[in-house]
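Just the one chain here, laid out as structure tokens, in the form predicted on its own.
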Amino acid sequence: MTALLLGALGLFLSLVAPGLLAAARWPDRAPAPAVVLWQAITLAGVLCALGVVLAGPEELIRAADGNRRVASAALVAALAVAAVIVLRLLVSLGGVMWRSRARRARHRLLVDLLDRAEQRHGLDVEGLRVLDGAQPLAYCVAGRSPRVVLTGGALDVLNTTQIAAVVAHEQAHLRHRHELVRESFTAFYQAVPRPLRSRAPLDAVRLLLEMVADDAAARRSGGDAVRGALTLLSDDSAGAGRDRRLSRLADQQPRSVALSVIVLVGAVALLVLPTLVVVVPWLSVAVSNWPL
């Protein structure tokens, strides 16, 4: 029964919950807690998979009144499969992090070489680099020596307040190490078997992190400045995400503290309750009855 319950919960968290949460609009009012909820869903899905692998053989052997040799073999096999799951996740995470760091190191070297310091117009921002280009772009390059990159086109179309908002937005990404969050979700996406894989968590978290940075910039420069800068900057990949960001910036309603608390409590409950209600009772029975 434990394996069935954990399996059902794992399938729900992998196949149903991502679509429901990605389609919801309440995360726009509490983007940071929503990211935590996405992380809890992801981690709970992994724990459910491990629980099925470990609990399934034990329950089958116990139901069949298996002997010591069969039980021992089942335990070894379950532990081996669980180790493979964990190792696959760790290898995926290590690969994503290594490739990302190598790519960012090359990118930092490139923007340092192409920097046009004379176009900064007196901007005193640590790690700021200005590149030639008529297209108005702004982004950051994370790492131990981060960079905030603006193009000459961005400086031409943005006013002083909007430039400050853009810089604050990119600095928020760097300060909160959003690249680590993105890397973890990318690694999980690549590690999950294709039939259970969904891009919803990856895409939703990327958008929510942009909203978190928007809020940080709005607190410093005002929502109108952030919205104006977002309208003027080029980002062909933003799509509907840009519209959602512009809408919430135009709304300028205060973020819901109550909603944030509820979401954070829900994220914790998602990890704790299945453990207390399902796993702990099974574990106590399994340890006492396992024929070793």
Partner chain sequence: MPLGDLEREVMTQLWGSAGPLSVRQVHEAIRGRDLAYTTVMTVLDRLAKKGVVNRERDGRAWLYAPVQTREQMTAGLMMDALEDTPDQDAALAHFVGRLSPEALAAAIEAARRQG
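Positions refer to the first chain, counted from 1. Since this is a predicted model, take the numbers as computed values, not measurements. The term rigid core refers to the maximal set of C-alpha atoms that superpose within 1.5 Å between the two forms.
This next part talks about the form predicted in complex with the partner chain, which is not shown.
Q: Non-hydrogen atoms within 4.5 angstroms of the partner chain in the predicted complex: do Leu114, Leu137 and Thr151 all have one?
A: Heavy-atom distance to the partner chain in the predicted complex: all three under 4.5 Å.
Q: Name the residue from His121, Arg175, Arg106, Arg219 that puts a heavy atom within 4.5 Å of the partner chain in the predicted complex.
A: Of the candidates His121, Arg175, Arg106, Arg219, Arg106 is the one lying within 4.5 Å of the partner chain in the predicted complex.
Q: Of the residues Ala74, Val125, Leu89, Val96, which one places a heavy atom within 4.5 Å of the partner chain in the predicted complex?
A: Filtering the options by heavy-atom distance leaves Val96.
Q: Taking any heavy atom pair closer than or equal to 4.5 Å as contact, tell me whether Asp156 reaches the partner chain in the predicted complex.
A: No, Asp156 stays farther than 4.5 Å from the partner chain in the predicted complex.
Q: Classify Val166 as contacting or not contacting the partner chain in the predicted complex by the rule of any non-hydrogen atom within 4.5 angstroms, answering yes or no.
A: Judged by the heavy-atom cut-off of 4.5 Å, Val166 is in contact with the partner chain in the predicted complex.
Q: Does any heavy atom of Arg29 come within 4.5 Å of a heavy atom of the partner chain in the predicted complex?
A: Arg29: no contact with the partner chain in the predicted complex.
Q: Hey, in the predicted complex, does Leu131 get a heavy atom within 4.5 angstroms of the partner chain?
A: Yes, contact at 4.5 Å.
Q: Which residues in 180-202 have a heavy atom within 4.5 Å of the partner chain in the predicted complex?
A: Contacts from 180-202: Arg182, Thr186, Tyr189, Gln190, Arg197, Arg199, Leu202.
Q: Against the rigid core, is the Cα displacement of Arg194 between this form and the one not shown at least 2 Å?
A: Indeed, Arg194 is displaced by 2 Å or more.
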